[in-house]
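Below you'll find only one chain, the form predicted alone, shown as structure tokens.
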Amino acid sequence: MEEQSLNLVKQSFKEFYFKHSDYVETPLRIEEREFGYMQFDNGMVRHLSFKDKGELNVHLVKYIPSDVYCSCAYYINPTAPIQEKIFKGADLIFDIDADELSLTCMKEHEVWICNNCGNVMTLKQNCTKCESVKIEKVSLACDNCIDAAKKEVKKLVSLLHEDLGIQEKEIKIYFSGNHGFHLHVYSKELEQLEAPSRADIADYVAGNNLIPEAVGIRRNSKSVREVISRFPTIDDIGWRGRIARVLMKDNKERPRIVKRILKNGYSQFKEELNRIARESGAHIDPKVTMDIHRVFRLQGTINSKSGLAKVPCNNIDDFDPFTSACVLAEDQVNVHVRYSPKFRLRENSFGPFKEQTIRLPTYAAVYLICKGLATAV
């Protein structure tokens, strides 16, 4: 990032942390957490610990990090090297990213930036200016992206609550500050789960590894009457009931559905199960859920990929991240935009822009600079 742009972004982040320290949430049992942060120009700092919110806020204003992280784990010695921290437990966390949902709208608001010369292209290809192969995708989320991610959040909450018995009051939902949502589960019962058990939960909510035998269909099944005795009803709990409710409207349809499945064969039904899993399971990043030593973006801090903040979603249906998470100042600044599709922040729409020097509110200017699409002038 060029010096003038870096100064604008750092100054806007500093102002936010100085004036709005109340946005930054104090994580539970703060003294048992490891903290870390990314510096704008000098890599990652980890193995920090804070006694209280005041100490944390002073650090944020003093060092102006680009991104702030906090461990999902609780440690006896949070500042020690990882082998000496002594694990006490960890929150269960989930990451949902609209970028991973293969949405058709992405073509309208994703661009490719050359890491060598900064050239912005609308197609993935070697750089058209310097021929570098170091190309990075950048996307500006739209309302459709956010709506799709919200659907995944609601599926995940349903699976955690209805299937796994996790109380809704134990689940906190946050906008990630860029393209998706984070779910934190605060449960004493689940804190002690090791990584393999968390991987099992990730597989379960995603519907991975569903097999026909789980609903009574075997490779050598021939008899409709025999299979019906094992086939789920729409009233069953868990994935059996979920599959049944996709396949039929009521239990009277069971003979017809089983007859169709047996006629089409085991392999075709397995493909149908995979489709049901993709549509009914939650699209999460399993690596995040199973990593008990991960430092995760701290609630209330700014995401340097967008200049938006990680903020709580108390009502997922009504939540609008382009207003609630847009926390930087409104002062007008000048930027040169190499290229940008149309985007919305707060009540305003901006763009599209191409090779234009324009005057924008700081929050919109920082958004484009953080995306690598503009520079301060």
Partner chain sequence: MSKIEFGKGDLAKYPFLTEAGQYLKELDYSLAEFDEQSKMHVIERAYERIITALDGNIYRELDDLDTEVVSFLIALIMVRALGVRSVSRKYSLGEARRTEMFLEQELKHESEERMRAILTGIFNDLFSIDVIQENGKFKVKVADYLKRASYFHDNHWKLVNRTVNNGFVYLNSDETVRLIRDELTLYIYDKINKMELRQLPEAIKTKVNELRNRVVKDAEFKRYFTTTKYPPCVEHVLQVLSKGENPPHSARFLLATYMLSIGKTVDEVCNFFEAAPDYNERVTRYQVEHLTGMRGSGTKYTCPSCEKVASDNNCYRTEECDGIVNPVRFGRGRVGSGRAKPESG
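Because the structure is predicted, anything quoted here is derived from the model rather than measured. Note that the rigid core is defined as the largest set of C-alphas that superpose within 1.5 Å between two forms. Positions refer to the first chain, counted from 1.
Omitted from view is the form predicted together with the partner chain, to which the following refers.
Novice: Within 4.5 Å of the partner chain in the predicted bound form, do E100, V111 and E131 each have at least one heavy atom?
Specialist: Not one of the three qualifies.
Novice: Sort through 156 to 164, 117 to 125, 257 to 265, 142 to 150 and report the only stretch with a non-hydrogen atom within 4.5 Å of the partner chain in the predicted bound form.
Specialist: Answer to the contact question: 156 to 164.
Novice: Taking heavy atoms and a 4.5 Å cut-off, does S197 contact the partner chain in the predicted bound form?
Specialist: Yes.
Novice: Contact with the partner chain in the predicted bound form for M106, defined as at least one heavy atom pair within 4.5 Å: yes or no?
Specialist: No.
Novice: Check whether E168 has any heavy atom within 4.5 Å of a heavy atom of the partner chain in the predicted bound form, and answer yes or no.
Specialist: Contact with the partner chain, no.
Novice: Considering non-hydrogen atoms and a 4.5 Å limit, does the partner chain approach I201 in the predicted bound form?
Specialist: Contact check for I201: yes, within 4.5 Å of the partner chain in the predicted bound form.
Novice: L183, I284, L210, L298: which sits within 4.5 Å of the partner chain in the predicted bound form by any heavy atom?
Specialist: When the partner chain is considered in the predicted bound form, the option within 4.5 Å is L210.
Novice: Which of I135, L193, I217, A244 has a heavy atom within 4.5 Å of the partner chain in the predicted bound form?
Specialist: Selected residue: L193.
Novice: Can you name the residues of 230 to 267 that have a heavy atom within 4.5 Å of the partner chain in the predicted bound form?
Specialist: I237, G238, W239, R240, in sequence order.
Novice: State yes or no: after fitting on the rigid core, is the Cα displacement of Y266 between this form and the one not shown at least 2 Å?
Specialist: True for Y266: a C-alpha shift of 2 Å or more.
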